[in-house]
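This document starts with one chain, in the form predicted alone, laid out as C-alpha cells.
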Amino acid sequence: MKIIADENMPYVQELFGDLGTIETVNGRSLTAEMVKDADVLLVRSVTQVDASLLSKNSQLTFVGSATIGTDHIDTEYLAQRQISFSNAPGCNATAVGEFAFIAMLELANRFGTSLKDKVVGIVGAGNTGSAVARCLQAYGVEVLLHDPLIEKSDPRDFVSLDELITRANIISLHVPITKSGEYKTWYLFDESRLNSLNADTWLLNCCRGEVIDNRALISVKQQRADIKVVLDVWEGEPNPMCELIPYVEFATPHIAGYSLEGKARGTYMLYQKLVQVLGKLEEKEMMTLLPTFWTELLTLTKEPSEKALLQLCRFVYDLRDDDALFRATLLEDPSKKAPVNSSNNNGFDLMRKNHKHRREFSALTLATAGQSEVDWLLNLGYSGVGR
C-alpha cells in the first residue's frame, strides 16, 4: 500500500509505517501525477483535494485531512468515487484556545490593563471557539457567543453579531470560511464592520485570513490606532500583505493550532480511522509519540497574579518568539516570501514547517499543595498533583 503524506504532518512514519510505504510531499504543490498511484492520501489545509488532483488515480481508497475544516476537500466527489474520508475535528482546538488566551494576556500586559475586566465576544462557537471560551471562563472572564449555525441546537446562550460587537471589548474569530449563503463568512469583517468596532477593541483572527478584509483592515488601522489586532491567519496565504504587518500587535504564520499535542492528535485520529477502514486493530498510542517536557514539576506557593499567570503561560509557549520571527522573516527581508505554489518552502511556509517547539498547558505539571484557590489553573488545562 502506497501512502502519500504532507511533509509537515508529524508522526506519520511512527503511526503509518507498518501499514505501507510512505512518500512525503510538499502539500501546497501536489499534482495529479504525484498521486496517481497512491492508495492513501494524507493532507493538510494547503492541499485542494478534488477531481483535478485525483484525475489520474483509480486506486485511492482513503483520504485523511489532519484539519478541523473541510473546505479544501471535495467530499461529494470522494463519495461518488467511494473513497473513504476522515478529517480531525477538534484535534487542535485546545492549542487554538490556549493561543488566543495567551495573546489576550500578552495584550493586557502590553497595554497595562487586566484581561479579567474585559468582555470577550467569540464569533464561532464550535470546537476552537469553545476551547477559547473554556480558558476564559476558567479564569473568570465574561464571554459572549455568536454562532447562528448551532445556536438552535446548543443549550448555551448566544447573542447576535451586532450585540456582540456592541458589548465586547475583545473579539476572537473562530469560523470556517464560506463564500455564499445566509451566513457567509468571507469578509465577514469588511470595512464597514471594522469601523463599527468600539473604541479600544482587540480583534483576534485564528481561523481563516479572508474572514477579515485585510486591505480594509489596513485602511481602518491607518485611521484608528485604538483597535489592536492579533493575526495568525492572513488573506492570500502564503503571501500575506506585508504592509499590514506593522499594524498588527502579534503576527504569526497560521500556527495557532500547531502544538505538538494538536499535531500528534490530528495525525493519530487519521491513523485510527484508517485502521478501522482496513479492518485492523489499533496498535499505537498517541501519548507515546510526545517528547518529555523540559521541566517535570512546578510548585506554586500562592495563587498567581495576572502577570504571574502570563509568566506561567510563557513557560509553555512564548508568543513573542513567533511574532519576532515572523517580522524578521517577512519585513526585514520581504524577498523570503514564498510565491503561490512555490516548492521552495521559503518564508511563511518555512516558518510553519519548522514550528516544532509549541506545547499545550497540559505538558506542565503544577504542584498546588491542595490549594483549592488555584483549581482554576487545572481547569485552564495545566496538569496537577497534590490536590
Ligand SMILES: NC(=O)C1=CN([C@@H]2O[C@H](COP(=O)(O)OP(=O)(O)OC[C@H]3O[C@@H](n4cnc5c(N)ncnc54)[C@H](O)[C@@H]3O)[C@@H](O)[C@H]2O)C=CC1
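Residue numbers here begin at 1 and follow the sequence given. Computed from a prediction, not measured in an experiment: that's the story for all the values here.
Form predicted in complex with the named molecule: not shown, discussed below.
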Within 4.5 Å, heavy atoms only, one stretch in 254-262, 101-109, 275-283, 74-82 touches the named molecule in the predicted bound form. Which? 254-262
Is I68 a contact residue for the named molecule in the predicted bound form, using a 4.5 Å heavy atom cut-off? yes
Counting only non-hydrogen atoms and a 4.5 angstroms cut-off, does P148 reach the named molecule in the predicted bound form? yes
At 4.5 Å between heavy atoms, is P304 in contact with the named molecule in the predicted bound form? no
With the partner left out here, check for me: in the predicted bound form, does some heavy atom of F315 sit within 4.5 Å of the named molecule? no
None of I170, L115, V220, A125 but one has a heavy atom within 4.5 Å of the named molecule in the predicted bound form; the exception is A125
Tell me whether Y139, E249 and L309, taken together, all sit within 4.5 Å of the named molecule in the predicted bound form, counting heavy atoms only. no
Considering only 155-178, what residues come within 4.5 Å of the named molecule in the predicted bound form, judged by heavy atoms? H174, V175, P176
